[in-house]
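Just the one chain here, laid out as structure tokens, in the form predicted on its own.
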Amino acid sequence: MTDWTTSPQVERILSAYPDKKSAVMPLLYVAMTEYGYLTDEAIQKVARLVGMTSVQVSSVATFYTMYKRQPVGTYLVSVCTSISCGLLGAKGVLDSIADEAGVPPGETDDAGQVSVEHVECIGACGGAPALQVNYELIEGVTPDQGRALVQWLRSATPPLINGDEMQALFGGQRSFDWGPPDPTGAVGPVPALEGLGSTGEAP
């Protein structure tokens, strides 16, 4: 197995910052694409790359909820429960997704396929209730659509999670016109960020 810490991708990230410590956040995402979550080994390797202690890097990784310190499923379903989504039925959406997945929020099913969580505002108040799968957005979701989404993830096992596709299949009212279709998406439960190895393109 190639050492990811010496990859051209990591070198590009480090060279983009005058102070290597500033690269800690994108490097944590790269580590998550390698390990699936932030293991102690991943934390230690990032710390060495940026010249920080493991404790300092761990303090970043535990402060931001999008950095996962425990394994998550292939598909991370994040339901917004902030005020706008909450007022428009997010609890029902979350409950139906958790019921269909067979796990309470914060847990992963036994197959390691679907994780469910509730999250704070994801910036789609006008399209509430909203959720994300591997950080790809779906707006205007009903409880029945949430249940169908989990069924689809399990049966279709899509290798790429694309927001436009999911919106067409399971979404409703959008907060605004998203613009031209985007063929890219997330290849795992890490934000699809160009240059971090976490994006793919639909065929």
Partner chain sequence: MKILTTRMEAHPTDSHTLERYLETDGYQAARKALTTMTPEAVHEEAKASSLRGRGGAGFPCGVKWGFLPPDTRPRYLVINGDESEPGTFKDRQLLERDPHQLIEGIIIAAYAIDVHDAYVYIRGEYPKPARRLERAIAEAYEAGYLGQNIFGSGFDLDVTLHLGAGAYICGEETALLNSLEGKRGEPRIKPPFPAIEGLYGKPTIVNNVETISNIPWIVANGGAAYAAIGPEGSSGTRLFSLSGHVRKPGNYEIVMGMTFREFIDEYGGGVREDREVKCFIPGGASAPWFTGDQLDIPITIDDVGNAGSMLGSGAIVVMDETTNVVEAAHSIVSFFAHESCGQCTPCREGTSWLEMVLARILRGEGRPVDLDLLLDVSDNIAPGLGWPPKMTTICPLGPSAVSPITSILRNFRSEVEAMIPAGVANG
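Source: prediction; values computed, not measured. Residue numbers count along the first chain shown, from 1.
The form predicted in complex with the partner chain is left out here; the points below concern that form.
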query	finding
4.5 Å heavy atom contact, residue 26 to the partner chain in the predicted bound form	yes
Contact label in the predicted bound form: residue 5 to the partner chain, heavy atom within 4.5 Å	no
Proximity of residue 170 to the partner chain in the predicted bound form, heavy atoms at 4.5 Å	no
Partner contact for residue 193 in the predicted bound form: the partner chain, 4.5 angstroms, heavy atom	yes
The single option of 62, 155, 70, 53 touching the partner chain in the predicted bound form, heavy atom within 4.5 Å	62
The unique member of 175, 33, 142, 39 whose heavy atoms fall within 4.5 Å of the partner chain in the predicted bound form	175
Neighbours of the partner chain in the predicted bound form among 98-112 [non-hydrogen atom within 4.5 angstroms]	none
